[in-house]
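A single chain, nothing else alongside it, follows as C-alpha cells in the form predicted alone.
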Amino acid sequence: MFKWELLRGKLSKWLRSVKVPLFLGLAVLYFISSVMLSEYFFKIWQNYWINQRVTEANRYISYLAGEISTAENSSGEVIISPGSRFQSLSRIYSYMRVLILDSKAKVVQDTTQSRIGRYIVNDEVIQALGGQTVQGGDQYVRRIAVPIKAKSDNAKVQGVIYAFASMDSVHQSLEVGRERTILVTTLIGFITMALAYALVYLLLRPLSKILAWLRDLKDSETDVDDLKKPVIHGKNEFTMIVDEVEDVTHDLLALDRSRKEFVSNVSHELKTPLSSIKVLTESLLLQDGVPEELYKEFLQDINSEIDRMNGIVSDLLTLVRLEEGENVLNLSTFSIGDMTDDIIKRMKPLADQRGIHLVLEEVHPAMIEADETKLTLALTNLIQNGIKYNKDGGQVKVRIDCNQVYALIVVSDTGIGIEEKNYEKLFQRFYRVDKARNREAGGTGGTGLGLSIVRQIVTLHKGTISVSSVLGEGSSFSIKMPLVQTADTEEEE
C-alpha cells in the first residue's frame, strides 16, 4: 500500500510537470505530421502508378490497333482480324481485358473468350463508333474505347477496341507499401519520442535546478550569496533568469534591510528626545521646591527636544512625499543667484552666532527652469549643514556657474571634512559622520535626513550631486542641473 501511494505521488508529480505537455505536444505533432505526409506521398505514388499503367495500356492498345486488319467478304460484311499476337500480348498484359467490336457493336474477339458474339452498347462504345477515343472509369478500373478505322479511308470506322485496365495489382502493391510505411513510421515514431523526451528532459533540466535553488532561497535565512547558484552551461534564457532572480533578490533583501534599518533609526531618533523629556519631567516631579530658574532651564531643554522631534517628523514627511507620490514639479523660471541670496539672508543669524561668514559667488548668472520651493529646500539643507559642521569663524561659500545647458551650484565650507570612505553613505537616511558633534552643533542637532532630501530633489530635476572633501579642511557639494527640464535630458560630456 505504501509503495502504491509513493508511486502514485511520483506519477502525479510527473504529470504536473511542464515536461509532459511539451513531450505530448511533440509526440502529437510528430504523428499528425507523419500521417499527413504519409497520406500525401501515398496519393502521389498512387496517381503516379495509375498514370503509368494507363500510359502502358494506351501504348498496348495503339500497338494492337496497328496489328488489326480488316477485309470485306463477298456479302460486303467487314471481317476484323486482330493479328497473330493478340493472344500472346493479352497474356503479357494480364491486367487488361481487351474486346474487339465490329461496326455493329458485336464482340468479335475477347481475351477472356467469354463475350464473343455478344453486343455491347453503351455511351463509350457509341462515342468510339462515332470516331472518338474515349477514356473513363475510376481508380480501380480504367476503360478505354478506341475506334478502328479502315486503312484505305481513315474517316470510316469499322470497329472498336474496348479495353478494361484493372488497377488491383497497383493498389495491392501500394497497400503493402502503406503497411510497411506505417510499420517503419511507428518504429521511427517510438525512437523519435524517446529522443524527444530525452531532449525535453535535457532542455528543461535547468528548471529543476532553478526551482530547487529558489526553494532553498525561500527557506534560507542566510544571504543570497551564501547559497550556491545552479550550474547552467551556456548563456541562454535559464542563465538570464537566474541572474535576474539573483539581482531582484539582492534588491529585495537590500530593500528589506533598508526598511528594517529605517524603522530602527526612526525609533531610535524619536526615542532619544522622548527619553530626555521623560528624564527632565521626572526630575521636576520628584523634587520639591524646585527653583524657578531650574524650571525654566528644564523647560527650555524640553522645548529643544520637542523642536528636534518636530524636525525629524517634518523631514520624514518631506522625504516620504518626495519618494512616494509628490514627484510632480511645479516648474517656473527664476534666477539661482537671487534664490541663493534670499537663503543666505535667512541663514545669516544662525551663521553669525558662530562667526561664520556666508559668501555668494556668481560667476555667470543662471536662469533655471525648476521647482523653486524644492530647490530652495535642497540649498537650505546644504548651507545649513555647512554652518553646523564648520569651525567657529569659518566660511560657507556658494558658487554659481552655468553653460548653455547646465547650471552648476557648489556649496563649500571650511569645516571638519569627511573621510572618503564615507562619501557613499552620506546620502543614506539617518546617516551622520560624527553623531556626537552633530548633537552639539547648532543647538538642536541634525536628523540625518537632510542630504537624502537634497539628493531626492536633485534627482527629481534630472540632475546629479557629488561630494569632495579634505579631512580637517572642509567639504564641497556640487550640484549639476539642466537649465530646462525636458523628458529626456542627457548629461553633457
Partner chain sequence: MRKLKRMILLLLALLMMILPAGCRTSDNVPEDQSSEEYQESYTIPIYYTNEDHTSLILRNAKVNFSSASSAKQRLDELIGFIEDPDSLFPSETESLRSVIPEGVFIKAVLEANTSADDTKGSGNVLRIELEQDYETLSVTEQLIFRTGFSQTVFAASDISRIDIYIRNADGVSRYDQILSSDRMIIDQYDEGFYRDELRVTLYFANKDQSCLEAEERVLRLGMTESLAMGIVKALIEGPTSENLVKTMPEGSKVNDIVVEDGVCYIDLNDKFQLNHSGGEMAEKLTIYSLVNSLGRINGINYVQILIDGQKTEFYKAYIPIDSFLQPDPSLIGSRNGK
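So that the term is clear: the rigid core is the largest set of C-alpha atoms that superpose within 1.5 Å between two forms. Numbering follows the first chain given and starts at 1. What you are looking at is a predicted structure, and each value in this text was computed from that prediction instead of being measured.
We do not show the form predicted together with the partner chain, though everything after this point is about it.
- Contact between residue 421 and the partner chain in the predicted complex is not found at the 4.5 Å heavy atom cutoff.
- The partner chain in the predicted complex is not approached by residue 202, whose heavy atoms all lie more than 4.5 angstroms from it.
- In the predicted complex, the partner chain lies within 4.5 Å of some heavy atom of residue 120.
- At a distance threshold of 4.5 angstroms between non-hydrogen atoms, residue 313 is out of contact with the partner chain in the predicted complex.
- If you check the partner chain in the predicted complex, you find no heavy atom from any of 337, 360 and 425 within 4.5 Å.
- Between the partner chain and the residues 253, 183, 294, 126, the one pair within 4.5 Å by heavy atoms in the predicted complex involves 126.
- Of the candidates 245, 157, 302, 309, 157 is the one whose heavy atoms come within 4.5 Å of the partner chain in the predicted complex; the others do not.
- In short, of 279 to 287, 412 to 420, 367 to 375, 159 to 167 it is 159 to 167 that has heavy atoms within 4.5 Å of the partner chain in the predicted complex.
- Along 103 to 117, these residues reach a heavy atom to within 4.5 Å of the partner chain in the predicted complex: 103, 104, 105, 112, 114, 115.
- After superposition on the rigid core, the Cα of residue 106 moves by 2 Å or more between the shown form and the other one.
- Core-superposed comparison between the shown form and the other one: the CA of residue 462 stays below a 2 Å shift.
- Relative to the superposed core, residue 349 undergoes a C-alpha shift smaller than 2 Å between the shown form and the other one.
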